[in-house]
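The data below hold one chain only, encoded as structure tokens and taken in the form predicted alone.
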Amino acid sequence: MSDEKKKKKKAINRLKTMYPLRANIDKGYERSVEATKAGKPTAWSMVNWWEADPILKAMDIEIVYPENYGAVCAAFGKAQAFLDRSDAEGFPTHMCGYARNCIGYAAKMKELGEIPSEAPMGGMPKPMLLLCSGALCDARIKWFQALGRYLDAPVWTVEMPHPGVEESQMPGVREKAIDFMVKELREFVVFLERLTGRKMDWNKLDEIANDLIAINKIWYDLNEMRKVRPCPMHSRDFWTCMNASLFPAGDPKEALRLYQDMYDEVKQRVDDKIGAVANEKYRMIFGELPPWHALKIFDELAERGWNFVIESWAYQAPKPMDYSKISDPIERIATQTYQWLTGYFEDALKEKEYMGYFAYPYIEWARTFQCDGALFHPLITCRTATNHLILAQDRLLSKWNVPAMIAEGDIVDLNLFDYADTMRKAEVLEEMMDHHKKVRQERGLEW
């Protein structure tokens, strides 16, 4: 290995506890393939923010997440063949990169009659259920319906109310939204019982729901420690390890133990004043999902002193709350999911920031994490992950004198991300951050 490569490898001081957590996540694909061979039912599931996951797990259904697998394919450099196949099947090239990867994968698997040999991490086994979510994204329902061309599996959609910032604070809205979700989830349980011929184990569901709440509490607390200077944990470790919370396919108790280990390591770094970047010059926000095919950009920016200390709201754990008085596990599940969606709405309304569930958290975090700038990565194939970023860029600058740069790209399609142009923009942003730091000091702000 050359001296230059050694230097870049050390630019980010990765957490040691990240490695076993990542390995545990990766085992999920191998486990799902083996489970399917053994006759165990498997579901392909969209990320649903813990709304349906505990129910699937309590019914002993193995879960595979095509969105996460799209990131895996991109990171391994294997996505392009699946994207090309999706295009050849007649699906639009401007569609969600995760959807294109999944549809191309399914088409090839149907053609071969087995998992494609080039599929990384053992691939996704054929599912007996497609679990869709109505939350946030444009392509979701039609994407899983389109998989019917290639997979003989029923589609079930779990819905999630999306009240606006103002509407969410009106009397009775919270109760009605959670009641709606509880009703939907009870119908989902009945459907699964008919599909599998099994009955729900309510004690098991109760335990799993509590485990996922505990996981999210420690994951939230862990990330809160990143507010200190120097920040002990870089976004690279967040993106590597969020899956155990966001895509809880494995044993939740094992995930909880591994997150506790990570918490302890981060706490030790805080106590010892050890940063994730040796010379933390700029404390950064990263907006939306990263370019999974070009994660090396974080290392190159770390060489310049950029420490990414906080990331997009949608992939963070919900703000902690007290669930102890909610005896019904279904209601507890619905409440946690709703808390994830609306947990920042009350503060957003106080600040008159009405695009609360996407743009507002950046405004809060810029102050509480004392950030110098932001790198926003609008996803050309995802309107939901893009429409708020220009607003957030404007509000960060006008409210806190925190500048942000825009680097367009895609989560899967590497052809849509201009690496060299992003690095040129980074140099310009550094000049802006240096200037606005002086302005914040003149304004008497905290940082």
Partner chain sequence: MTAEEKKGIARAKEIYQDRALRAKELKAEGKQVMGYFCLYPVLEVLTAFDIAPFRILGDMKEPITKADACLPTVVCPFVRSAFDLGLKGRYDFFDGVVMCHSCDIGEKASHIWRIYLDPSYYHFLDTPHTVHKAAQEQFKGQLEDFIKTLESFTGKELSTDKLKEAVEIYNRQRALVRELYDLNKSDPPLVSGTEIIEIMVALMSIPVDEGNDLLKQVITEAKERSDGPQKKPYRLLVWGSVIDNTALIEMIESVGANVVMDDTCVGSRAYFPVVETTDDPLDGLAYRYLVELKCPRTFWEAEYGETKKDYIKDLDSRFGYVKDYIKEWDVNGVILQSVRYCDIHGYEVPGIGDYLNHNSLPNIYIEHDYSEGALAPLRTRVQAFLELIG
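Everything numeric in this text was worked out from a predicted model, so none of it was measured. Residue numbers count along the first chain shown, from 1.
What follows is about the form predicted together with the partner chain, which we do not show.
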Seminar exercise, completed: With a 4.5 Å heavy atom cut-off to the partner chain in the model of the complex, the contacting stretch among 152 to 160, 226 to 234, 302 to 310, 320 to 328 is 152 to 160
Exercise. So, W143, E184 and R194: all three within 4.5 Å of the partner chain in the model of the complex by heavy atoms, or not?
Worked result: yes
Problem set entry | E34 within 4.5 Å of the partner chain in the model of the complex, heavy atoms | no
For this session: Give a yes/no on whether A99 approaches the partner chain to within 4.5 Å in the model of the complex, heavy atoms considered.
Result: yes
Problem set entry | Contact flag, V173 vs the partner chain in the model of the complex, heavy atom cut 4.5 Å | yes
Exercise. Should G77 be counted as a contact of the partner chain in the model of the complex, where contact means heavy atoms within 4.5 Å?
Worked result: no
Exercise. Using a 4.5 Å cut on heavy atoms, which of G343, G250, G134, G275 is close to the partner chain in the model of the complex?
Worked result: G134
For this session: Would you mind picking the one in F358, F298, W219, Y282 that has a heavy atom within 4.5 Å of the partner chain in the model of the complex?
Result: F358
Exercise. Using a 4.5 Å cut-off on heavy atoms, what residues in 81 to 98 are near the partner chain in the model of the complex?
Worked result: E89, G90, F91, P92, T93, H94, M95, C96
